[in-house]
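First, one chain by itself: the form predicted on its own, in structure tokens.
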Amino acid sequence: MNIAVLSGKGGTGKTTVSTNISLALNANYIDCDVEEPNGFLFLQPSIDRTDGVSVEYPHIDEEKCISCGECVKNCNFNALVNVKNEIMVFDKLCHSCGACEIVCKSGAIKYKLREIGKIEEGKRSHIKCTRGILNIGEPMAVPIIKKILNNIETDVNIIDCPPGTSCNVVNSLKYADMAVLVTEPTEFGLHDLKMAVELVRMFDIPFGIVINKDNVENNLVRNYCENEEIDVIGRIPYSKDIARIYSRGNMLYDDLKYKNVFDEIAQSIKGVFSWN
């Protein structure tokens, strides 16, 4: 069972919720926010395995290339350009679709591999922790996300999704059985929450809302959830004490004052999704 934790924007507390409910549910933690994988800073697992992630890109054999330009015409991603009868390759734009190799009649195109990031695995106590890391300057995170999620355990998994509603989130949600949306009670938070709700509804999976930095005086999100008949499965109070614990890199679940907050969210998840 895969539980995706996502938010309409960054900075809402998505990783805080993901890491702490991993402990509350005794579930595997998987950080798919590969551009900014912060979960390990809090869980601090002992890393026992690292694998590189590579993608294919075209290599032009200049001795065979006749500069016909067929590869350029058939590249939908502008990764190939014909300049003064020479084919130039922009490897970071390549989506490894293979079209250029297929249409090359002179056999001048072969594919090579280049590393774009890595996947680390480790354990915190008996919880398996996995994270993807995209190399700086690399534009495409999806190959790393797919490699992580194609190999996850058939167990209870918490998927810490990238922020927003981009294709990185969409590719993470493809593997989810349910979703937890984290938001904050501000107009910006509500605006982006609505986009996240629309995205999750497209996948037709059950979901609930966790309100972070909850201020009882502000009912923006709660009013929205009531009107949309969406379950609010948890509230994390607005607190300087929580901010201090977070800024020190400590887990809220390890603090007795806040452990029950995430235990209640875990119970709500089980209730909302009828999970035994």
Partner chain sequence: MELVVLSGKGGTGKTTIATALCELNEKVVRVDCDVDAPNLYLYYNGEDIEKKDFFKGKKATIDRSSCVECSKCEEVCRFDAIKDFNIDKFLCEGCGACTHVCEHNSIKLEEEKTAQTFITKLDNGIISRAEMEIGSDGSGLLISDIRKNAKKFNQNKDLVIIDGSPGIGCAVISSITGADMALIVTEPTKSGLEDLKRVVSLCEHFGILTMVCINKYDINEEMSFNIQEFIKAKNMKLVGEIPYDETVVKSINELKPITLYKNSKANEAIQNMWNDIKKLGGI
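Positions refer to the first chain, counted from 1. Keep in mind that this is a model prediction, so the values were computed, not measured.
In what follows, reference is made to the form predicted together with its partner chain, a form of this protein that is not presented.
In the predicted bound form, none of the heavy atoms of D241 sits within 4.5 Å of a heavy atom of its partner chain. In the predicted bound form, its partner chain sits beyond 4.5 Å of every heavy atom of R114. Contact annotation: Y246 falls within 4.5 Å of its partner chain in the predicted bound form, judged by heavy atom distances. The closest heavy atom approach of D155 to its partner chain in the predicted bound form falls outside 4.5 Å. Although its partner chain is omitted here, in the predicted bound form none of D91, G208 and E264 has a heavy atom within 4.5 Å of it. Segments offered: 29 to 37, 46 to 54, 60 to 68, 225 to 233. Contacting its partner chain in the predicted bound form at heavy atom distances within 4.5 Å is 29 to 37.
Residue-level contacts in the predicted bound form: of M178, I127, V72, L199, one residue has a heavy atom within 4.5 Å of its partner chain, and it is L199.
Along 150 to 165, residues P163, G164, T165 each place a heavy atom within 4.5 Å of its partner chain in the predicted bound form.
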